[in-house]
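Given as structure tokens, the chain that follows is alone and in the form predicted alone.
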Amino acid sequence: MKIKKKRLTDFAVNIFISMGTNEDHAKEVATHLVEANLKGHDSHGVSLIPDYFSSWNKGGLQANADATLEKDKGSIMLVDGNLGFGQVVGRQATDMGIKRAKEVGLACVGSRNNHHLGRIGAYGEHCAKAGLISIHFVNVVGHPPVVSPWGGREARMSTNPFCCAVPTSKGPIVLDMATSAIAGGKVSVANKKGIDVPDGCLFDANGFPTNNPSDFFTGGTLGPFGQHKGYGLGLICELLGGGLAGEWTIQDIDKQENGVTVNGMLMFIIDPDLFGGRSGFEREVKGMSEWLYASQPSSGFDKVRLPGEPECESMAMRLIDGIVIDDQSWLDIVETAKRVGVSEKKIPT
């Protein structure tokens, strides 16, 4: 299926409204998911709609919940997402942090009990648009672990995203990544498309490396990116996003089987003026960017890119060409739409 941005967004909005979601929340979630598709992260795009419906249907996702400020100690805030759509409550927590950072220069925001937050880079970009630097540590709980620790065969952690965004005059530099070698959603997408995953991403149930995504669903595990380095960063995300902000880490076995994806996130939001001044910081960011661009590309590359630029290139292309969704994902989305009562006339064909 190839579909343009507006048609896909409108379709997603109709599905969420049919689930009982208010229009503002439905539009925000749909826009976030479609933007993930536009930026090339199909694992965090509209293919998640059936999962969100399943969570809502079993009483996990609270479609109309808003974030609430639980503790406020100057530059430090604790926010509860109340299991609302992560795309809504995560943005609300980020907005609280942006407002506080503009007031005092720095905000540290712990955001707990968020239903799946989606693409974490969206929150970094949101801060960067406000002229602020942000760092995000995220853990993933509510279902069994899927990532094996470096040196271990059994799953003990999850994909635990890390993100850092830096504002520039030409658009933000955004490092947004899973601490596993590949995101779990990307394995699902590969499995639906019938294609292999790259080397070093996946291990089968016996602990042997594999490229077959179906092995992940029969007892296999994801490995950490960068061996011990990714494992270490993933653990820090678990301890800060989960242990500190969320007070819920994946070692709590009794809470692993509810099938509702929950994220904890610890954010640091910084005003560059807090230090030497914005102009000096912008000068150094510009100089460093140009220094990297001037590098001769190595074999197989056309040029050097900064983090976040591949997503911008993907968006520019997909806004023109449309978004391609694999057949199985589309069938699952359409089936979900029918289950919640979306009329046949509103289902794109």
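Note that the structure is predicted; figures quoted are calculated from it, not measured. So that there is no doubt, residue numbering starts at 1 and follows the sequence shown.
The same protein has a further form, the form predicted in complex with nicotinamide-adenine-dinucleotide (NAD), not shown here; the description that follows concerns it.
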Distance check, R91 to nicotinamide-adenine-dinucleotide (NAD) in the model of the complex, heavy atom within 4.5 Å: no
Distance check, A183 to nicotinamide-adenine-dinucleotide (NAD) in the model of the complex, heavy atom within 4.5 Å: yes
Any non-hydrogen atom of H116 within 4.5 angstroms of nicotinamide-adenine-dinucleotide (NAD) in the model of the complex: yes
4.5 Å heavy atom contact, P161 to nicotinamide-adenine-dinucleotide (NAD) in the model of the complex: yes
Position in contact with nicotinamide-adenine-dinucleotide (NAD) when the complex is considered in the model of the complex, options L175, A130, V146, L274, heavy atoms within 4.5 Å: L175
Contact assignment for nicotinamide-adenine-dinucleotide (NAD) in the model of the complex, among A30, L306, I49, L61, heavy atom within 4.5 Å: L306
Partner-facing stretch of 65-73, 287-295, 37-45, 320-328, counted where any non-hydrogen atom is within 4.5 angstroms of nicotinamide-adenine-dinucleotide (NAD) in the model of the complex: 37-45
Any residue of 251-273 that, in the model of the complex, places a heavy atom within 4.5 Å of nicotinamide-adenine-dinucleotide (NAD): N263
